[in-house]
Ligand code: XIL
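What follows is one chain in structure tokens, specifically the form predicted alone.
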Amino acid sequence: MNRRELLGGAALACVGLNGLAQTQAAVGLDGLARTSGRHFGFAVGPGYADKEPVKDLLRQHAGVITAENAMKWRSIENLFGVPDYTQADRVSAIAAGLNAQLRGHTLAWHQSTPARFVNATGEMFVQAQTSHLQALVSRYRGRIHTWDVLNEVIDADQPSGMRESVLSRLWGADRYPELFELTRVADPHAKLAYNDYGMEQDEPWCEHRRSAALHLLEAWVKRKVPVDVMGLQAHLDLSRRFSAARMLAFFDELSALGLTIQITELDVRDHTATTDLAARDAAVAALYSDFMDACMSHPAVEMVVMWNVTDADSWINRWSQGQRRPDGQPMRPTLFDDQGQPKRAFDAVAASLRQARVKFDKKAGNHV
């Protein structure tokens, strides 16, 4: 019997739902990740990261902190273009207080571009985007492990394979490499990532997106663009198939380009699952298990970051996202419930981290 069958079995409904999870919670997830030379963490907002139960969960489990929204351009600048780094500084301070790595998210993204640039000229936009990038990177230089330099620019449905957006129109898709070059100059020591979604599961549209991403990254590597990391958001969904073999083949292709892999926004939507809570949690845990087992088997995967900490603060359950279940119940996409109690998903992730058998070659500084 494989782990998906085990976690999905009716036996889970009989064992107390939180029994093993509460025992496992004493084990730090980042501590487990470090045994195979990796890091584990969470994306947070300052509005809830310093409140319980999230504050305590971060102390126990976070070795990485990503600024959920606080470092995005639209979050930093007001309507008049005046920057305010207060919220971003708070996230940076949270990471420092936890002695955790800090991921910068994100320097260029069409959805975080301030609205005042909708009708800007190309010259005006390039100047503003450049100034924003240089100021933000310089402010946190020396504190950032990885910058998501560019976010979500592929579109496999377009002949070019590239998304049409304010960025492609005003900055220019052919000039995206300049964003990485500017970032490398502003912070020579941070890793630089391209970050995107929809490449983790076994669906035709995911395969098309994998192909588009590889085409883009191959071209960048060939022209020596300073890109170090492929960031896979990994917003997983129970309604979609998962194939470890297909995803690992993609990882092999990324690794062959000399890139490492970071899982940057992990969660699981359960909007199609049964109304039975135990069965829902078992199904979510099973997908986490399959996905994490595959990730932990590949030496190029160096980091896993959850998108939010508890179900209560998950972006999926915010009304503005419009992603409610048909029965009106909130989804259960994270490792911890609304009260911060670990769920079966926590057990699945902890087990995958614990069973990782990748050895770390200290001399080479790489997984082998």
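Remember, predicted model here, so these are calculated numbers, not experimental data. Residue indices: 1-based, along the sequence shown.
A second form of this protein, the form predicted together with this ligand, is not displayed here; the remarks below concern that form.
- Only one of 254 to 262, 206 to 214, 144 to 152, 162 to 170 lies within 4.5 Å of this ligand in the model of the complex by heavy atoms, and it is 144 to 152.
- Proximity to this ligand in the model of the complex holds for none of Arg34, Gln60 and Phe336, with the criterion being a heavy atom within 4.5 Å.
- In the model of the complex, this ligand sits within 4.5 Å of a heavy atom of His105.
- Proximity of Lys191 to this ligand in the model of the complex: non-hydrogen atoms within 4.5 Å are absent; the residue sits far from the partner.
- Residue contact check for Gln129: none of its heavy atoms lie within 4.5 Å of this ligand in the model of the complex.
- This ligand in the model of the complex is not approached by Phe40, whose heavy atoms all lie more than 4.5 angstroms from it.
- This chain lacks the partner; the member of Ser92, Gln101, Thr113, Gln233 within 4.5 angstroms of this ligand in the model of the complex by a non-hydrogen atom is Gln233.
- Applying a 4.5 Å heavy atom cutoff to this ligand in the model of the complex picks out Glu68, Asn69, Lys72 from 65 to 89, in order along the sequence.
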